[in-house]
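Below, in structure tokens: the form predicted on its own, a single chain.
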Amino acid sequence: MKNLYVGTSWKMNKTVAETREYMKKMKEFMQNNGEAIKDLDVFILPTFLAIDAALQITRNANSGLKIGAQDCCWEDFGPFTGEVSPMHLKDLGVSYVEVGHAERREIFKETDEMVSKKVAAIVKNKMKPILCIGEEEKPSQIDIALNFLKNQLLDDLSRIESADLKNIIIAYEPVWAIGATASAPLDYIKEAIDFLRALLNKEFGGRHGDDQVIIYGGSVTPESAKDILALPDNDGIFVGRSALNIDYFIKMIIMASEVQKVK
């Protein structure tokens, strides 16, 4: 049985001091509920400036809580003013790095080529990329979305080997559902995830698609989270700004632990 993943990316929110307070409460919750959450992978992606503060609180805490970054450069060092090195993130103690988020693609004009180089750099530095993919608009026919996902995913994975897939988390986040009032419909999510697994089996061989970690993100709410987590081929949820409220995020973790018991 695979673990269920529950993660959040804070975007550009929370100061270092606010991060410390949040992490202290998270550490306490995780340590006090070790048995209930033993089959979960919980991760938080704060801002770059708050990563070290989060790691200082959670390091050696035996809480199972992982800390990650929201982006990185594709080079370890060099003339890349303002960028953050994946090698430096690894040295800091980061476990996960998010890449390809829709906001990075739209606002900062990141291309699939740039994303593919970042994925390869993160894997090379022995961290796990959280690769975000998703169609921009909900199409009249899902086949249109699936064709888009095929091209985007294969482009983004073009620089990695099949053996690296086990170290990659794919976050399916339909852009039209991010920040919306509701998640994508359950049958739509299921069809997209099933398609991605079949695609990986075909392109990389063996059971790579079956074994791949694929999670869903896009307006996950307390009302929708349980059903999304219960989807047989879905491995978790990726929560956005709603998880800035620690009680909300803890509620999601508890829900995932309950689903995992019967999944």
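Just so we're clear, the structure is a prediction, and the values are computed from it rather than from any experiment. Residue positions are given as counts along the sequence shown, with the first one as 1.
What comes next is about the form predicted in complex with a small molecule, which does not appear here.
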- Query: Which of these residues, V220, L229, L65, I51, gets a heavy atom within 4.5 Å of the small molecule in the predicted bound form?
  - Reply: V220
- Task: Counting non-hydrogen atoms within 4.5 angstroms of the small molecule in the predicted bound form, say which of I178, L153, I142, V123 makes the cut.
- Result: I178
- Message: Within 4.5 Å of the small molecule in the predicted bound form - does that hold for a heavy atom of every one of D71, K109 and K118?
- Response: no
- Message: Whether I253 contacts the small molecule in the predicted bound form should be assessed with a 4.5 Å heavy atom distance threshold; does it?
- Response: no
- Message: At 4.5 Å between heavy atoms, is M23 in contact with the small molecule in the predicted bound form?
- Response: no
- At the 4.5 Å heavy atom threshold, is E135 in contact with the small molecule in the predicted bound form? no
- Message: Only one of these stretches, 83 to 91, 160 to 168, 178 to 186, 144 to 152, has heavy atoms within 4.5 Å of the small molecule in the predicted bound form; which one is it?
- Response: 178 to 186
